[in-house]
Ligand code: UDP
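Here you get one chain, nothing else, as structure tokens; it is the form predicted alone.
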């Protein structure tokens, strides 16, 4: 049974407007949270960058703030200092959240940045953090460790691999993620093509997937925001012409319709992915996943049921694993993914966390 209704303020990523792919997996996580928590009777307000868009059918109040987007910690040096641009979006979001806190029972931060973590002890309304990345900088590691030491109940992570990146004095709260499987169609008969989904940036390892596709002689359809055009051009130049079919960044409904045609998804991260939303999205379409045994995806793929895990940074292993992946029953793949990552179960896990003793 759903708990008593909470008034929840969710603060989005400071990297830019929702709906443009700038926030990466945080955008999908936010929508999943909104759908799941609204279905459980909670009253939801989202604070996000000007220009953000949410689905029309979401019963959510959307408040917008202008400001210069914050650069991602993902691309900073490990010893980089904390910086905020002039007229920055990050402080504007949190000034507004401070002003709104008394109207809410809980505040939930989805952005991966130093300022909201530092504000944990300042807020009167309990402030919670769903950490969206692994360790990428000393400044963020220290901020997360400080919250873990002083307010351990306020932190949650997606996977054990992600949480293991940080110095935590108590076992981490793991929430995985949630997906509305009604939005994904399982296609039984795929085409002779491979898929790859993600931001087009070096840490995502697209070059390995391209090499594997070229060795197989299969086209590789690539979906995602071209965050680093020079990197994208270099990857394309490294394989025979026609290997990569660029499909761009698509909303979920269009992405799943195209992704479902793939025989398999290749997942090739060069860093510790906190979760791996695209892995579950592929499974939801019945598409088996061949993934590097690294980070979150290594906890999502069940060998022989939903995909195959291979040693990291080894395109030859991706090639060798394809026959096993193609033998997986696509309906069973989707069914198992829904059992583990359905929207309702995710919302219930988040609700239990928010209702626990804040700490």
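Numbering follows the first chain given and starts at 1. All values reported here derive from a predicted model rather than from experimental measurement.
Below, we turn to the form predicted in complex with the named molecule, even though it does not appear here.
Listed residues 152, 248, 81, 121 were compared with the named molecule in the predicted bound form; 248 is the one with a heavy atom within 4.5 Å. Taking 277, 243, 159, 268 one by one, only a single residue has any non-hydrogen atom within 4.5 Å of the named molecule in the predicted bound form, and it is 277. Proximity of residue 281 to the named molecule in the predicted bound form falls within the 4.5 Å heavy atom cutoff.
By the criterion of a heavy atom within 4.5 Å, residue 224 is counted among the residues contacting the named molecule in the predicted bound form. In the predicted bound form, the named molecule lies farther than 4.5 Å from every heavy atom of residue 44.
When the named molecule is considered in the predicted bound form, residue 255 lines it closely, a heavy atom lying within 4.5 Å. In summary, the region of this chain contacting the named molecule in the predicted bound form, judged by heavy atoms within 4.5 Å and restricted to 235 to 243, 193 to 201, 210 to 218, 136 to 144, corresponds to 193 to 201.
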